[in-house]
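Only one chain is given next, in structure tokens, and it is the form predicted on its own.
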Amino acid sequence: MSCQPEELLICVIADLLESDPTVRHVAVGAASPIPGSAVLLCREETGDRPRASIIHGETNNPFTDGAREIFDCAAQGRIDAFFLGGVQIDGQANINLLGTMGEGGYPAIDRRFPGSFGSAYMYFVVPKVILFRPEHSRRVFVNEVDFISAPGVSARDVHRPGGPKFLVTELCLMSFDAERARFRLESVHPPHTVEEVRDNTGFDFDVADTVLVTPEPEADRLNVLRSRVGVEIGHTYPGFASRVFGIEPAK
């Protein structure tokens, strides 16, 4: 049974969550249907974890006071995993959510984006941050970000219980070593290659001794995605559920 590219990414993220028994509560930010689906798939497959807090709409959103509640929850150590992305991401896992530099440098901004909001805060306090950026190109993965909205690593004397652990893109899965401040290529999604990942990445990275080919989802897993998970995520992202899973919104 063939799968959609989005379904493969959902399964990659779900595997990262399922393999870590310390992940009991996962929060997912707005406009994140792929991570949201991954959390729901993980919960379906484990039967009891993780608790899913999808900060968009009302379904699976326990917070009634917006950002203040989720920030308090994270500060108290009650969120184990979170997802972040960026307009740009560099080899030290710095992310840029502000914009890209114009000619002549700062303060000239070529393109302006919504901004950092609580990204730096969550980056520092949530133990397992998974960077997620579907587009894998040198426009996104740069040698050095134009602005640091949230730093990937901190000095040794800075208390930082949180930080990046993995990067998931349309081409591959990478892990991140905070001690060395470097990414390592772990697996490549079919039909892509290691050379394609290198060609589309603007920073240097390590390569595992054996780079795996990301396994495609089995039929049973796809059936769960296209039924129970698809229906549930469809309450929050009806357009996504229709396009990817073929599930039309309930009338």
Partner chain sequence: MNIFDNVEALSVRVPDGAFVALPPEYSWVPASLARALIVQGTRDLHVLCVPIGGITVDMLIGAGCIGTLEAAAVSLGEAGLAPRFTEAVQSGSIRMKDSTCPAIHAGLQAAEKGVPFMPLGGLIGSDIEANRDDWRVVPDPMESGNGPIALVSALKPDFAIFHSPKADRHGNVWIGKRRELMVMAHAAKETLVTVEKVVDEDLLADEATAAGTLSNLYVSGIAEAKNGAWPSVLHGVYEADREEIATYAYEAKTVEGFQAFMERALTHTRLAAAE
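Positions refer to the first chain, counted from 1. Rigid core: the largest C-alpha set superposing within 1.5 Å between the two forms. Just so you know, these numbers come straight off a predicted model, no measurement behind them.
Not on display, but discussed next: the form predicted together with the partner chain.
Taking the partner from the other structure, the partner chain in the predicted complex has no heavy atom within 4.5 Å of any heavy atom of residue 179. Not displayed here, the partner chain is approached by residue 69 to within 4.5 Å at the level of heavy atoms in the predicted complex. At least one heavy atom of residue 111 is located within 4.5 Å of the partner chain in the predicted complex. The partner chain in the predicted complex is approached by residue 238, whose closest heavy atom lies within 4.5 angstroms of it. Across the options 222 to 230, 180 to 188, 56 to 64, 202 to 210, residues that bring heavy atoms within 4.5 Å of the partner chain in the predicted complex belong to 56 to 64. Contacts between stretch 118 to 136 and the partner chain, counted in the predicted complex as any heavy atom lying within 4.5 Å, involve 118, 119, 120, 121, 124, listed in sequence order. Once both forms are overlaid on the rigid core, the distance between the two CA positions of residue 179 between the shown form and the other one is under 2 angstroms. In this overlay on the rigid core, residue 161 has a C-alpha that sits less than 2 Å away from its partner position between the shown form and the other one.
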